[in-house]
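What follows is one chain in structure tokens, specifically the form predicted on its own.
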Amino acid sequence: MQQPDLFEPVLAAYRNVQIDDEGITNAALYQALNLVEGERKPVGRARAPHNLEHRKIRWQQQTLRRLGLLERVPGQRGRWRLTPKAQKDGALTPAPEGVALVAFSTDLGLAIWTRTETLAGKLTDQISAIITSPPYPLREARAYGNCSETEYVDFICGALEPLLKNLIAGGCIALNVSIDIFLSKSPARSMYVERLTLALHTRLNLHLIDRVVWHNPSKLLGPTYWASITRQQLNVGYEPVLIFCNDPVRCVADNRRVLQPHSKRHAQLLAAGGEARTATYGDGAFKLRPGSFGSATAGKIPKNVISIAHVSREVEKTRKQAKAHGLPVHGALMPVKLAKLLVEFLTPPGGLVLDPFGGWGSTAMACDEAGYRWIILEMMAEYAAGGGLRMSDRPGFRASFDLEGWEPPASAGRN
């Protein structure tokens, strides 16, 4: 067991063994971690003999102590206990500032439990695309740490700016945002999306390529008050996906990677050699001639209105798994099908995709299925664990924590 892998197992051991404020002894901790009494080897200048596995555990204890999660039991040598902060239930566990730990990995990528700002300026790999669904600017904060509408533009610009040095020329950024944000006590919608769009251009020199409409047929009815009570709004059925590029002339997006099957009518036209008639539409802007639509093509170019339900059997399965493991259910997932279309459209073959707000790993799953390399950053330990559950069947999967033994975590700085 490598030292970074001990973080969650040590916490789990304290949760499972500690039953009161008296904590547990190191001997009980070693037993809970199935560490047998191994060979003692000389360590340090004094060359005193130590069990190296036990020594690693004690290092983790000191790390947890510095994070405010573990404390010595007063007056008792070798006995530690969880702090009250580490014992809170029902909250999410944000990564402490400066901490970055691999949560899980596959043959194609890795998920890192960290704050975006911790690693954003330290990445060295070239990024072909950034595809993400950042926290929405809700007026009442959720457990996952979203900011207010007034802070949102600075928040997103601050998260993206240090990543742009790694984005290849012509690389794209796709942001799934929400339009369900209203002014206080008003049916008027917030214009934060418009302000964000302008800020990404004026501050970061990003260019708007498209506003893709993600139509969600399974979206819950709302806004409830303004649509169902005052009747001043229609129910919302979509969310925008803003696509930006750092160099639009060299944009690497290619719709040939996401072509769809031809419609039945188009297939019939192809088989017949095209149209047999002549017609004019739209005041002469569009003309049909004999042979129109008769040239064979690889497929149909998708429209920028994409209808994909956010619920699926895979999502329901993951939710059941998360509940069975004591993990909170993620309530704002980007569908893997939508993420996969964005990945394939925006990313050249062999490219690396980054999601700085990884959540339950929809972007990672999409990349893994499509054969792209990926990195996701996720600040909340529980969501990183949920992503691990979701991807546990992917080739080369390896978790840095025990998914089968996962319980509500007692990790750093819970909200």
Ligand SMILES: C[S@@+](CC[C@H](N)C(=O)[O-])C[C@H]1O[C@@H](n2cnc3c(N)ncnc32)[C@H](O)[C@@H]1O
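Since the model is a prediction, treat every value here as computed from it, not as a measurement. Residue numbers run from 1 along the displayed sequence.
What comes next is about the form predicted in complex with the ligand, which does not appear here.
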item	value
Per-stretch contact check against the ligand in the predicted bound form, the hit in 218 to 226, 273 to 281, 252 to 260, 112 to 120 (non-hydrogen atom, 4.5 angstroms)	112 to 120
Contact label in the predicted bound form: residue 374 to the ligand, heavy atom within 4.5 Å	no
4.5 Å heavy atom contact, residue 133 to the ligand in the predicted bound form	yes
Residue 388 within 4.5 Å of the ligand in the predicted bound form, heavy atoms	no
Heavy atom of residue 244 within 4.5 Å of the ligand in the predicted bound form	no
Listed residue that, although the ligand is not shown, lies within 4.5 Å of it in the predicted bound form (heavy atoms), from 306, 181, 199, 332	332
Heavy atom within 4.5 Å of the ligand in the predicted bound form - residue from 69, 29, 354, 379	379
Contacts with the ligand in the predicted bound form - residues in 173 to 202 whose heavy atoms fall within 4.5 Å	none
